[in-house]
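Starting off, we have a lone chain in the form predicted alone, written out as structure tokens.
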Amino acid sequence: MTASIIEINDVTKQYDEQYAVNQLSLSIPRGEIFGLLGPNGAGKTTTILMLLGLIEPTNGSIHVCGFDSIRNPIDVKRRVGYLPDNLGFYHHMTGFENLLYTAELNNISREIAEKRAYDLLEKVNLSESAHKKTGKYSRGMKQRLGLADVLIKNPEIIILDEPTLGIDPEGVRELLHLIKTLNKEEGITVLLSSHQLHQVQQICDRVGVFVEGKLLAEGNITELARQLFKQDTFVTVVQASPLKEELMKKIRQTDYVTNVKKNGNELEVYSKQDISSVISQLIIKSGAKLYQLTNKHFGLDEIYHRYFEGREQHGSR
């Protein structure tokens, strides 16, 4: 089993009567891309700042790369690269000069820093703009330079807070591809905070749904569906004819089925387990013709929005 590089245990951050983070426990294995997904104000940035030792939790413990973030924040910062949502570069300096300045702050020798800076600028597709002042960089270029900036000290973890804000679609595609490549080729652990569903689904190994300071569910897409929609995790879409009432009754009475929706010759069968083989047998035995049977897979967008629809209908959990 892969060792955890980030361990958060029962962490709470309280401001007066308001909980920014409420009893958060989370373990992230080394080499994983983990997505913190949630609306603005959910507590994602507060969690990141506690990981970095920039603010202290009210209760609980946090360990990053084996170090206590509160007691040993310098040790954590040496091993973690952080890209905030608001980038700050010296606009009168070039991209190359900004990287050298960061390297100097991290006690990296000039010779090593120059080689590493050129290598990183090539990796983030900024070689041609290396000696251009960052005040003239586009938002997308600044984000790519920001990624090079957090990598200059060879971190074990990179934390990205809303890294694609304000970038055009092509720039987003390039940045996400770059993050995925770095993770695969160099084994860097990535913690990505975002409210962009599609982007998170594209590159993250696992996702944590974060709302009102609480981690409601975590896992890959299938695991999230099971946690958030325990009663109808699986949806089997069937096209058959004729769909007589006797057949419909048998399907409804089948083990694990929670709901059946009929629209003409199409059925949507909701169930706690995958029972597609059982449904196909029932249809064929009834004498009906089976034209198509597919399992519908929940995307992150549907999981997320169906969850919030449930909250609005039934109140907060």
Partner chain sequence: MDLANKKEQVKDFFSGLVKPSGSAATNTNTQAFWAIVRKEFTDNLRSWRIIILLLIILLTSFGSLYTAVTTISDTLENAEEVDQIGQSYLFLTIFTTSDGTLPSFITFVGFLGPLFGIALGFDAISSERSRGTLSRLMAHPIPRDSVLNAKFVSALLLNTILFFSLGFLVTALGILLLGIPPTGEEFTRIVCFLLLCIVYIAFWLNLAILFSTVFKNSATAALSGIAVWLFFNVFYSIIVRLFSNSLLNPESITDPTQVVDHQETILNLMRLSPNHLFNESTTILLSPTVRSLGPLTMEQTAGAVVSPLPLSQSLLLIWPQLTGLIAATMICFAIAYILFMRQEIRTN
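Quantities reported herein were computed from a predicted structural model and do not represent experimental measurements. Numbering follows the first chain given and starts at 1.
There is another form of this protein, the form predicted in complex with its partner chain, and it is not shown here; the text below is about that form.
Asks: Taking its partner chain as it sits in the predicted complex, is E156 in contact with it (heavy atom to heavy atom, 4.5 Å or less)?
Replies: The answer is no: E156 has no heavy atom within 4.5 Å of its partner chain.
Asks: Decide whether G140 counts as a contact residue for its partner chain in the predicted complex under a heavy atom distance cut-off of 4.5 Å.
Replies: Outside the cut-off, so no.
Asks: When the contact criterion is heavy atoms within 4.5 Å, does V80 count as touching its partner chain in the predicted complex?
Replies: Output for V80 is yes: heavy atoms within 4.5 Å of its partner chain.
Asks: Does the 4.5 Å heavy atom contact test between D85 and its partner chain in the predicted complex come out positive?
Replies: Within the cut-off, so yes.
Asks: Tell me, out of Q199, S193, T102, T236, which residue has a non-hydrogen atom within 4.5 angstroms of its partner chain in the predicted complex.
Replies: Contact residue from the list: T102.
Asks: Please tell me which of K244, R71, H92, K136 lies within 4.5 Å of its partner chain in the predicted complex, judged by heavy atoms.
Replies: By the 4.5 Å heavy-atom cutoff, the listed residue in contact is H92.
Asks: So which stretch, 199 to 207, 174 to 182, 213 to 221, 72 to 80, is the one near its partner chain in the predicted complex (non-hydrogen atoms, 4.5 Å)?
Replies: Selected range: 72 to 80.
Asks: Three residues, Y15, L49 and N98; all within 4.5 Å of its partner chain in the predicted complex via heavy atoms?
Replies: Yes, each of Y15, L49 and N98 comes within 4.5 Å of its partner chain in the predicted complex.
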